[in-house]
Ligand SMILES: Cc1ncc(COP(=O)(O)O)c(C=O)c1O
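Given next, in structure tokens, is a single chain: the form predicted alone.
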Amino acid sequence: MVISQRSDVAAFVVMDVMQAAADLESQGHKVLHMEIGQPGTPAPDNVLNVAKEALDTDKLGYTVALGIPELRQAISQHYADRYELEVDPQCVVVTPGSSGGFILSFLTCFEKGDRVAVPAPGYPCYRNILKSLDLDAVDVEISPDNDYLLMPCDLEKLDPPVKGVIVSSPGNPTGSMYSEEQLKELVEYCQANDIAFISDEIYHGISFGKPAVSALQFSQDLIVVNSFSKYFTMTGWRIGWLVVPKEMVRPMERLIQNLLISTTTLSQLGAVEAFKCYDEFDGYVGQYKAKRDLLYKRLTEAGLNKISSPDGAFYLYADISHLTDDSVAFCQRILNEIHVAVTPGVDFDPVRGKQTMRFSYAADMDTIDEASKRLKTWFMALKIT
């Protein structure tokens, strides 16, 4: 059977690292996971209890395509509670994780062959999903000089111009965040130049010292993507949401009807309860900060001096150009020698990522403590030899 060219996308390298770690674990080795953005905390008890009740009573039929009304209303209330924004629940679309949200957004906004700007370094699935949909992902290099933020001047340089742009704040892999002024300027530039603006806000809630700014604060003529995977610690539930302009709701509904039917009922029921647990989730944010500070301290002590200074999310992005120009082999060596799984930078930047790597500090404190000790010892020995 012939395999389509559209399926010829790059691997999501972090998943390959997870598989390599799993292979080691199957051989009896204990691997410390710093490759994946997987919170080391479970879903709250009341979320689990609602799910158990639904299983016991078999309340797991299809839902309407856009999501159950209770969840759409709860998401709308979330914007009122956390951002003092009025969001029409009819403009909320429930999706199977943010991944489903990206697919729906790209299909709704763009025609075949359209050019869409994505930051490099940035979340790799942006470019890979775009390619699979016959869209042209245009990598826009961002650097620590601008705190790894994409600016209007970066878009002005693109020739031919792009039809859309997707950015995240807090960002993956760097943890950088837009200020209110910076994000407002970018949104206004895109709207003045007919560039569709997609704001990935799945790390909102996880920020240190200042809250993240939503693009909805400046306009509702754009798309916001969010998820229950990160702040809400519900990765395996595979549930997220979009906030979209009213005119996009019906087209997205038709796409969901045909591509997905609906998002998993069990996850939707549990997600409603998650909004009652802000205190629990906010407590986890303090733990992330402590883990960030510990990891940063030990890595810099080991000689890694070019590391992102994250304001949010749970990643450190490090320049390792003085050590290697093959980050894939370098990270594989770390996994094999000290059984710590980390992610090579090529996942986030196909060109410059050969000399960078990402560390996730999403796991529990014991894991981060032990992993950072092993990494410090290993890097110091590498420097000596």
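We number the residues from 1 along the sequence you see. Small disclaimer: the values here were computed from a predicted structure and weren't measured.
This next part talks about the form predicted in complex with this ligand, which is not shown.
Among heavy atoms of Gln182, none comes within 4.5 Å of this ligand in the predicted bound form. Using a 4.5 angstroms limit between non-hydrogen atoms, Ile202 touches this ligand in the predicted bound form. This ligand in the predicted bound form comes within 4.5 Å of a heavy atom belonging to Ser98. In the predicted bound form, this ligand sits within 4.5 Å of a heavy atom of Ser229.
In terms of contact with this ligand in the predicted bound form, the residue from Tyr148, Phe275, Tyr126, Phe106 that brings a heavy atom within 4.5 Å is Tyr126. Contact with this ligand in the predicted bound form, judged by any heavy atom within 4.5 Å, is made by just one of Lys291, Arg298, His78, Arg238: Arg238. Taken together, the three residues Tyr178, Ser207 and Tyr361 all stay farther than 4.5 Å from this ligand in the predicted bound form, as judged by their closest heavy atom.
Only one listed stretch (302 to 310, 244 to 252, 78 to 86, 194 to 202) carries heavy atoms within 4.5 Å of this ligand in the predicted bound form, and that stretch is 194 to 202. Residues of 163 to 198 lying near this ligand in the predicted bound form, listed in sequence order, are Ser168, Asn172, the criterion being any heavy atom within 4.5 Å.
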